[in-house]
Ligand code: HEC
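Listed next as structure tokens is one chain, alone, in the form predicted alone.
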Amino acid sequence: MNRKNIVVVAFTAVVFALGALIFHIPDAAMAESVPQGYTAADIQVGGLLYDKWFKVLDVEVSGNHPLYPSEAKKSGGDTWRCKECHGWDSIGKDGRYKKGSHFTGIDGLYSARTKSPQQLYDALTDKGSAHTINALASNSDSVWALVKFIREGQIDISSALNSDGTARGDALNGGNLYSKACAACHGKDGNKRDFDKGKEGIQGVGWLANDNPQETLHKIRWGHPGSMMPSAVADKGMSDAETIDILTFSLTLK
């Protein structure tokens, strides 16, 4: 090997070494920047907490949440639920809750998914913020679970529903998935469980899906607080598209 070739080989080796170093350091830094609490957090618990955190933690709440608008129409426990201000669809005043009895004028949390785990954790535990829920903030595992849901568990509602409220999934595939994962508890026709016993007839899966498809999708994905309902995402390993398919089929039930 002549001197020119030796120089080329040496230069190439240096380039590869520098490249390995450049690409390796960010990976290590990234691993160190993710808190262990976030890594270990249970995203399903986070989805349930977003629904009704005080039911999950079995704690009492009283009065209205300090940041719940005085002109809004709900009161008591409802005002402490994350979904009440930020919406089942995660887009708050820009989504289903843009009008009606649930309107608060508050933004959703979908855009917050781009925040770092630590930023979200700090926002939820900041003692100087009226938003802080002490009973939740005192349980760091629960806070991290909610943070993980905010960052990884929200779904772009426009991928699931059209502007007229119809679902965008595959009802045939949704029916197959429903038969395997849901029918045993809810019945093939969706009427084995009554979600609103104050009304005449059975208000089953079809009724709920048509009345509130956003809520139905959230519960398909994460379950229902205080029940044994499994999460299609965490327990069944379903994709976002498959959960939308189940919702689409659910809308066909009567």
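Just so you know, these numbers come straight off a predicted model, no measurement behind them. When you see a residue number, it is the position in the sequence shown, counting from 1.
Another form, the form predicted together with heme C, is not on view; read the next lines as being about it.
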property: The unique member of Ala135, Ile155, Ala171, Leu124 whose heavy atoms fall within 4.5 Å of heme C in the predicted complex; result: Leu124
property: Residue contact check: His131 to heme C in the predicted complex, 4.5 Å heavy atom; result: yes
property: Close approach of Ala40 to heme C in the predicted complex, 4.5 Å, heavy atom; result: no
property: Exercise: Ala112 in contact with heme C in the predicted complex, heavy atom 4.5 Å; result: yes
property: 4.5 angstroms heavy atom contact with heme C in the predicted complex for Asn139; result: no
property: Ile202, Asp211 and Leu251 each touching heme C in the predicted complex (heavy atom, 4.5 Å); result: no
property: Sequence-ordered list of residues in 43-72 near heme C in the predicted complex, where near means a heavy atom within 4.5 Å; result: Trp53, His65, Leu67, Tyr68
